[in-house]
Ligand code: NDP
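Next up: just one chain, as structure tokens, the form predicted on its own.
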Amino acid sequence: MAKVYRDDDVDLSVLKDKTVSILGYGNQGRSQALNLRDNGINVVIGNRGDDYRSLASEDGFDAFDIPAATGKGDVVMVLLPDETHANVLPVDVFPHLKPDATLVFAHGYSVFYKEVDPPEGHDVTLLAPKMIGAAVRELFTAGAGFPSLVAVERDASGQAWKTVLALARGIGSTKLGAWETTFEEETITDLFGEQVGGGAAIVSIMRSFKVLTDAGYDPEVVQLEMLGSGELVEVIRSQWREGVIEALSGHSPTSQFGQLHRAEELKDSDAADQYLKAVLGQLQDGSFADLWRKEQEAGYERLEALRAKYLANPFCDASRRNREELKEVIDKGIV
């Protein structure tokens, strides 16, 4: 069982009189910076000279270019996109670190896959909120918490755990809980969840749409059933709150039997198990990271081609038509 840290386990005063440099002022960077500041922690922002840096200044933060902000931090939180790390960190971050500065990553990707090599003598830690950036702020201001993962890859000072846990409390996570993990575990499980969960959802919805429309059923009615009504969102929310199987109590007996009957038919697919294990192997041995690196070097050609291909799917056409019909309730956040 993973160890879970909460407010009472953490000493926030570890960050007293320290400066936290947050590199990147996107959704996560902004939310975490505001939360830390509200908890009395001194924060400066590092960002290239764009609208995000202007927003940081408007929010009342001292904002600098990345090397300058790095040099001011006793703690340096890397909230830059993963694909920028290999080019940006060795030039704009690592040479400018204070001698005993702590590095904090929001995702283990670049460290686990050795795309970057943090210099010796520095604590290397991980603080990964399992929540979108906007909600990190919204839940904090509402007095609620959100889950995070925390890890220490290198404890050069002997104080790495105290520092990363203080940050977890500072951004508001330990009010709910920060789960102890490793850089490898966070990276692999995060990628696996995105690729298998997200990929399977796309294929399942689009294949189901094709089967039903090929059988002559109306595209808009099918899309409404598969996704457009927002019912699926509520189903997933109830599964999150109650449990995947426990939430079935909110469905009709016909629905419950149908779902479990089909699950039983699908669960013993050797081909599916082999595929999932192959995906896991590609994440563990770095072959996916190599593929993604080559894709970046090629200017994201395949990514753009895949995006265009799936956007051209008839399901997306039906989605656009239904979204227009449902615009009022979507804009109000009802579905």
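Numbering starts at 1 and follows the sequence shown. The model shown is predicted, which means the values in this text are computed figures rather than measured ones.
From this point on, the text means the form predicted in complex with the named molecule, which you will not see here.
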| item | value |
| --- | --- |
| Heavy atom distance at most 4.5 Å to the named molecule in the predicted complex, all of Y52, D82 and A106 | yes |
| Residue contact check: P129 to the named molecule in the predicted complex, 4.5 Å heavy atom | yes |
| Contact test in the predicted complex: Q28 vs the named molecule, heavy atoms, 4.5 Å | yes |
| Residue contact check: A69 to the named molecule in the predicted complex, 4.5 Å heavy atom | no |
| The named molecule contact at R48 in the predicted complex, heavy atom, 4.5 Å | yes |
| Single option in G133, G199, G230, G258 placed near the named molecule in the predicted complex, where near means a heavy atom within 4.5 Å | G133 |
| Residue (of A160, V222, L97, V88) lying close to the named molecule in the predicted complex, criterion heavy atoms within 4.5 Å | V88 |
| Partner-facing stretch of 233 to 241, 106 to 114, 162 to 170, 260 to 268, counted where any non-hydrogen atom is within 4.5 angstroms of the named molecule in the predicted complex | 106 to 114 |
